[in-house]
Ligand SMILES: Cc1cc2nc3c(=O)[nH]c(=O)nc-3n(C[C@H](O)[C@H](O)[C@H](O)COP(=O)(O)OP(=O)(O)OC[C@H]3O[C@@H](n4cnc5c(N)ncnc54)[C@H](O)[C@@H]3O)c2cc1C
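Only one chain is given next, in structure tokens, and it is the form predicted alone.
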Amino acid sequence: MGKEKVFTPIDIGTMTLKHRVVMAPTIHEMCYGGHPTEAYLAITDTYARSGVSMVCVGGATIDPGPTGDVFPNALSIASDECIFGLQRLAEVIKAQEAKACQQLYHPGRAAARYWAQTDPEMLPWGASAKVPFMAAPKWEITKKDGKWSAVNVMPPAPVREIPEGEIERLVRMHVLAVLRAKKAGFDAVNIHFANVTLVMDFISPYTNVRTDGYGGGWENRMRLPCEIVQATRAAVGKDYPLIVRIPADQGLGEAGIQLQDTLRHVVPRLEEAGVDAIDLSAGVLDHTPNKIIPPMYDARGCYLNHSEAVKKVTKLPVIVAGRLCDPRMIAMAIENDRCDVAALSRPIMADPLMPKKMMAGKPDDVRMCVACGYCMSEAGWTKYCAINADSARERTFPKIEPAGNPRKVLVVGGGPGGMEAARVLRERGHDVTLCEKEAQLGGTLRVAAAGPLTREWRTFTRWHMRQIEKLGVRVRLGTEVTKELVAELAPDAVVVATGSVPCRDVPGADQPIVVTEEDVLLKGTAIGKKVVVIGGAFWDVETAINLADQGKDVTIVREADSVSMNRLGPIRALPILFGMLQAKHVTPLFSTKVVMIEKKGVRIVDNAGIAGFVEADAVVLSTGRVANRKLLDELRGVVADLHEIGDCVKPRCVADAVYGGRLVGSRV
């Protein structure tokens, strides 16, 4: 891939990027008192070593007070005390011959996310007090007039309208922050006018209902961002590159900023004000977070239509992010002038060598981000990656180094944990055999990958398959490992990754109408028209939608009162999935317990004690899973060096399996 346009230089003002793949601004909550920790410096170094032409350090707040906080342990650029830490960040980046860019912003009303106040004088700033921040959502399913809906029961967080007299101070905050970035050695700045910023709230008709000179029509609403750019330009001079990040579309329809508004009003005014490049994002934090960080439900390159349209109205370089995980898509998009620069965040978290692999002409070796959302979950929040266990663990994880004494290792189970263990073990020089009882690798991921919404998991399995083949791992499919086979193979060490099996603890689960997700999605077991999905597992909602796409009349029954958003963060939040259920005409019965599965359906009772019966031709179990520990128990005391990873330890998520595989692979 080394000769395409993507690897040609491009100028952003007076700064020349050696090629057109950059690290997008990414907020990592890895700071202390606003200053970068050693862990933050380490992950920044990883990004700089990836081969990107520029690393944009994400989200430094410009306000020294609590009204400047929106993420805990985030970076600050609000005082001169921050300059030393910022210098270290810039040096780490530039040491790898990449350009260093610092993003900065004021969160405005979004500060209410972690800083609730009732004192009117201490409330976060907003463009208008009439538009509160909708806080961290807590979704509940309710039924009214026979219709189900998802309702955020968290009260909105009030804000105070920033007075016109304070706006001048807000402009100065931006200017001083840019001067600090320049003094710290950053080659450019990215001024954040999107997603979660006070300035975006001035631009948007949804949040700006002011009646003074900063409210009303587009000229007034664009006044603040233009004043910031003009004042900054006057302070730093004409040669310092200024990039602005804007929301091409907030995803709010006519109520908010739409693409046509960006084309007609936002971009032309910012270009006239003196910016050097346009960086496109989408969404708004408290309403459409799934637009800011699009999930795997969205198409790859989902915002290339935005950048393609913006390029037609400006001569400035146009940077875009949004599911740019496919190296070939990136190259083609830039070749076809759909964008000038590709900004990658999650894709580089997933594979920190992605740009180098692209330049080496090895796109198939890229471990592509699947947009699973783990990095936005409570477990992985803003730093950990489900498919790359090394992310944010640079200082704590054992390195993948040659084994001092290569050994013969048997890995049992070809799911994500087993494949990762086999890959790392072989990379270290061990003689590795991987046995899988099914005819294909993938384990439980094959169930998730069977549906159209979650088919991206196939890319992760395919990547693992390519790597273990290239490394020379012996793979034996259709082979169920027994104690006798282990004795025959005589390995020096055994890694058991036998996964889990569907839980059948529902009363009546032995009825003929009962099938599992594996039966339906993988084995093609025929089922009738009326289907009840008994939920509770990780992908139960997607399974219900998948069956509805097949023309089934689907009801999903869940004992929980919601689709948890904590496991995969706001990008898999309940309203998104619930909207899909509604669009596919799936009947949701949440806060509902299955009493008994019978020959012709399911007896249920809701949390109000009201009993009912749902007719069904088939009942699909998408409940929890139980660890498959049979082989593990048989080998205890027989195999001296025995290891267990993944769901056979405890059914959890892909990230846990990959973590276990990576760790055991580096220790054996």
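For clarity, every value in this text was computed on a predicted model and none was experimentally measured. We number the residues from 1 along the sequence you see.
FYI, the form predicted in complex with the ligand isn't displayed, but the following is about it.
Picking from 428-436, 590-598, 91-99, 217-225 the stretch near the ligand in the predicted complex, with a 4.5 Å limit on heavy atoms, gives 428-436. Scanning W125, W457, Y240, W463 against the ligand in the predicted complex with a 4.5 Å heavy atom cut-off leaves one residue, W457.
Interface residue among P352, G535, G499, P317 relative to the ligand in the predicted complex, by the heavy atom within 4.5 Å criterion: G499. Heavy atoms of no residue among P247, G283 and D298 are located within 4.5 Å of the ligand in the predicted complex. Using a 4.5 angstroms limit between non-hydrogen atoms, V21 is distant from the ligand in the predicted complex. Of the heavy atoms in T444, some are within 4.5 Å of the ligand in the predicted complex. Using a 4.5 angstroms limit between non-hydrogen atoms, V366 is distant from the ligand in the predicted complex. Not displayed here, the ligand is kept clear of M15 by more than 4.5 Å at the level of heavy atoms in the predicted complex. Residues of 610-633 lying near the ligand in the predicted complex, listed in sequence order, are R625, N628, L631, the criterion being any heavy atom within 4.5 Å.
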